[in-house]
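We begin with a single chain expressed as structure tokens, specifically the form predicted alone.
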Amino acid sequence: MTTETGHLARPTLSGSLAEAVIRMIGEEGLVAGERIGPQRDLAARFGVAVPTMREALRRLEGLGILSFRHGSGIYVGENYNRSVLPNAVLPPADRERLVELVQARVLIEPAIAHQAATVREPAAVARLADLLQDAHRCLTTGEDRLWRVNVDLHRAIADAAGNRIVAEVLDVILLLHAEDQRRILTLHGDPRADYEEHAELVRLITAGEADEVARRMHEHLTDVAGAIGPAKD
């Protein structure tokens, strides 16, 4: 929504900004890995304050549509122009929706893990090992980006299954309310136990133990859903 001057109207500002940036990327013919303008220039372009622009850009980062590189700038992310994308403008989830989000994952991720252990796409399996090391560093140093590393690990499991559409569908679920994945980790309450479960999932996939990793994935996600609390009937 815009005003007569072309500036974005405040009632739907955050969502409108996100949509406008996506349109801008398409109009300028940018592709994944190419840099977009600085935050200050984008804020001037859309007629908003820099903090407001930053909030919209961070929302798109959470969806994988943009990528922030420290000291370098903002780039078009890997999720731009995918076949399936999450909604960029959904409000924050309540506890009930968080439980339903994890329950949806219980229905599909065990089968994805089974396929990952069967296919074991090499680049994705290598990335799983790297992400596991990164998660361990986060635990050791207390970095608060552990939630994002955990999300990326589950995404890499889908990549290891070797089916691009399956990976994109899981991205929608994992990146839906991406910031709320941080809340899920907090509500789960035991980052160390969560890490150990992820390490076992990676070990089983690497070893090709498809049936066992499917069982463990179901158990892992069921435990997470239970820790958050029951959804309402």
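As the structure is a prediction and not an experimental result, all values here were calculated from the model. Numbers for residues come from their place in the sequence shown, where the first is 1. For clarity, a rigid core is taken as the largest C-alpha set superposing within 1.5 Å between two forms.
The form predicted together with the DNA is left out here; the points below concern that form.
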Given the DNA in the predicted complex, answer whether the residues 108, 218 and 222 all have a heavy atom inside 4.5 Å of it. no
Residue 54 near the DNA in the predicted complex, any heavy atom under 4.5 Å? yes
May I ask you to state whether residue 208 is within 4.5 Å of the DNA in the predicted complex, using heavy atom distances? no
Should residue 72 be counted as a contact of the DNA in the predicted complex, where contact means heavy atoms within 4.5 Å? yes
Any chance residue 62 has a heavy atom within 4.5 Å of the DNA in the predicted complex? no
Contact residue in the predicted complex, chosen from 170, 48, 66, 201 - any heavy atom within 4.5 Å of the DNA: 48
Within 4.5 Å of the DNA in the predicted complex, heavy atom basis, the matching stretch of 25-33, 190-198, 161-169, 54-62 is 54-62
Heavy atom contacts to the DNA in the predicted complex at 4.5 Å, residues of 142-172 in sequence order: none
Does residue 166 show a Cα shift reaching 2 Å between this form and the one not shown after rigid-core superposition? no
Quick one: once the rigid core is lined up, does residue 46 have its C-alpha move by 2 Å or more between this form and the one not shown? yes
Is_shifted residue 205 between this form and the one not shown (CA, 2 Å cut-off, rigid core): no
